[in-house]
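First, one chain by itself: the form predicted alone, in structure tokens.
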Amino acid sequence: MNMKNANAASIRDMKKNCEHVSGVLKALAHPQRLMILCHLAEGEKTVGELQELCTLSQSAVSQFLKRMKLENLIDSEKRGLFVHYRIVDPDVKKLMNSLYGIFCR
């Protein structure tokens, strides 16, 4: 691969990454979604736990989780009677931990 093709491939990769990061930042732009992700950065949580931690209604928490799941930010696993939610992307988890370290101390 010559330098021109390598540079074009690098630019394509950067554009793809920027689109992904832009989507993540849009999801973080909502205060309640940001709060939910902050709590999920600490570890898996159920809807009930997030509801209590975020002082939101169950329906609001469920709607936020559904949207974040569609955006591939979180995933869920049903265990017994409860569904446990977690951050899927390790880079999003690192970002949440960084934001927490900067703004929540």
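Quantities reported herein were computed from a predicted structural model and do not represent experimental measurements. Each residue number is its position in the shown sequence, starting from 1. Rigid core (definition): largest C-alpha set, two forms, superposition within 1.5 Å.
Note that the form predicted in complex with another copy of the chain isn't included here; everything after this is about it.
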Candidate spot 22, 38 and 99, all three in 4.5 Å heavy atom range of another copy of the chain in the predicted complex? yes
Would you please decide whether residue 95 lies within 4.5 angstroms of another copy of the chain in the predicted complex, comparing each non-hydrogen atom pair? yes
Wondering, does residue 70 line up within 4.5 Å of another copy of the chain in the predicted complex on heavy atoms? no
In the predicted complex, does residue 66 come within 4.5 Å of another copy of the chain, counting heavy atoms only? no
Residue 58, heavy atom within 4.5 angstroms of another copy of the chain in the predicted complex: no
Hey, of 26-34, 76-84, 58-66, 43-51, which bit sits against another copy of the chain in the predicted complex at 4.5 Å between non-hydrogen atoms? 26-34
With both forms fitted on the core, check whether the Cα of residue 18 differs by 2 Å or more between the shown form and the other one. yes
